[in-house]
Structures are given as C-alpha cells and as structure tokens.
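To begin, one chain is listed below as structure tokens, in the form predicted alone.
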C-alpha cells in the first residue's frame, strides 16, 4: 500500500512509501479507500521538521488530516459500502481530562490528545485507512470532488459556534463580519458568515488571482488596503492570517461589544512597538472579547458537513486550485502563489 510519510523532526524526509502496512484492525472496523487529501500549512511545517509525532513503535508518520474516502466495509452498519466519509482528526486523551470526557476533545486541557497525520496517529495520505464509528463523518454524495474541505470547514464551524455562545452574553444582533485572510480557512469562514445572513467583508493582500472573485461570489465586499482604514466597525472579526500586525489591528478595529476570534497561528519572534494600554482601555470600556480557536469536535464536524451540503458546489470546487496525482506527491507540498487549496488525488 502506498503512503506519504515523513520522519518527524527530520527535514527533507518526505517520501512516498510503496510498502506501507495495511491499516491495522485496531484503528477501527470501518475500512475506507482514499479518494483525496487536502494539503495545508500544518503539513508543510511537519515536513520542515518543526513538529509532528510518529505513532508509538514507528519512526514514520503518515501525513494528511484533511481526508476524503469511500467506505469499503463497515460491519457496524454506521455507514454503507460506497458512502463518502471523512475522518475526524483529533482523538481524546486517554485519562481523560474533563473536556475530553464529555467529547469536547478540541478543548483538551492536558495536551495528551492524538491527531491523525500530526500527533501519534497515522494520517490519511495512504491508499486505505480505518476509522472508529464515532470518528467517521458521512458526507453528501454531491461532495465527491470537494469533501476534503470538511476538516478546514469544521475549524471555522467551531469558531462560529463559540462566537455565537459568547454573543449570547447580551442581546446579540450582529450585522457584519470581517474575515482577515482569504486562504481556505478565511474563505470558508466567509461562507459560513454568508450562510448566517451577515454582511461579509474579506480582507487580503491579493489583488489578482481567484481570491477577490471567490469573495465576491459569496456577496462579500473584498478589501486589500490596511485594516485600520476600513470605514466601518465590524461586529465580528475572524482573524485567519496569524500576522501579528493584523492581529493587533483587528483587536483595535472591532466595534463595541464586538468579538474577535483568532484562528490564525503566528510564528512568533517579531517584536512590535504597540500601545498595549490603549488596547486594554478599549477592550474593557467597550466590553469586547478576544479568543483563540483551533480544531473541532464531533458537533462542529457535523455542522461543517451541513454547511458544505448547502454551499454552491461550483464555488467549493473553485477553492481547489490544484489537484496533484499521488505519483507526483512532492509537488503537492510546494505551494504556488495562486494556490488556495491543493489536493493530493489518490484516484488519478
């Protein structure tokens, strides 16, 4: 069986193995044939040796956490052969912590969770994989070409879930949302904002390529200038760039009782001369909230599947800017300037 692997912590160890073992029965009773795997920045960072953890007893980690496959067999009856399915990435810690004990493993408190293709569980960039029923998410058959977008959609489904929960602290009637960054996470966050009936704004540096058109197709206003020069105060900001300056400007720009969700991850190491006292004063006096959000639990995955089933298939398809055959796997992990979502295709 072919699988795309790395040796965690070893830059340049990306390989396509032709003799990777078939998935062990212990991984789960649901056997799945891979269709495609989405590629994201996390994969690139693992390939660069920044982090990643192989499963116990192995030197290799199979990459891939944005999965899409077709069920081959499911003796539990949860799914039927031929069904489209994606695998939930994170699994709860074994203790478990209070959050993992109630299936809120995205909020794990002790860091002992595991993640397919990232931490101690083999990923989905292999020709066959297995799932436990509780971590298998069935998909609408119409999503055959774009179902690998479920994982990033689950991330923004969680972000919106938590925004809604925080908003209920008061009379919450948001009118507009600003999404900073028009990568996959940003555009999917904008999709969910549009499905909520909000006036949507997307901000990104790109002035050419597919991003402005994709935002426009959602009915969103597209901005490429400085955030602090926007002529409105957003009720909600979902920050997807991780750029430190943008993060700070977002916290300063949000309107009274507004909510800023930080969904991008900063690399660190950059010092900015900034008036933290003025920001503190604004956040306190305007009752604003800033919070971080990452990963997703089963509730969010189910919500993401519903959101994708409601979306325009052509719009979702346009997010996938490049499909790479498995035989040319290395090219999938070298992003181009016009790429939004690159997909590793197991059917080509």
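Note that the coordinates shown come from a computational prediction; the quantities given were computed from them, not determined experimentally. Residue numbers count along the first chain shown, from 1.
Below: the form predicted together with a small molecule, not depicted.
Within 4.5 Å of some heavy atom of the small molecule in the predicted bound form lies at least one heavy atom of residue 155.
The shortest heavy atom separation between residue 294 and the small molecule in the predicted bound form is within 4.5 Å. Taking the partner from elsewhere, residue 51 is found to have a heavy atom lying within 4.5 Å of the small molecule in the predicted bound form. Of the heavy atoms in residue 125, none are within 4.5 Å of the small molecule in the predicted bound form.
Partner contact region in the predicted bound form: 83-91, out of 238-246, 83-91, 208-216, 173-181, criterion any non-hydrogen atom within 4.5 Å of the small molecule. The single contact residue among 290, 316, 31, 40, judged by any heavy atom lying within 4.5 Å of the small molecule in the predicted bound form, is 40.
For the options 104, 204, 74, 115, the one in contact with the small molecule in the predicted bound form, meaning a heavy atom within 4.5 Å, is 115.
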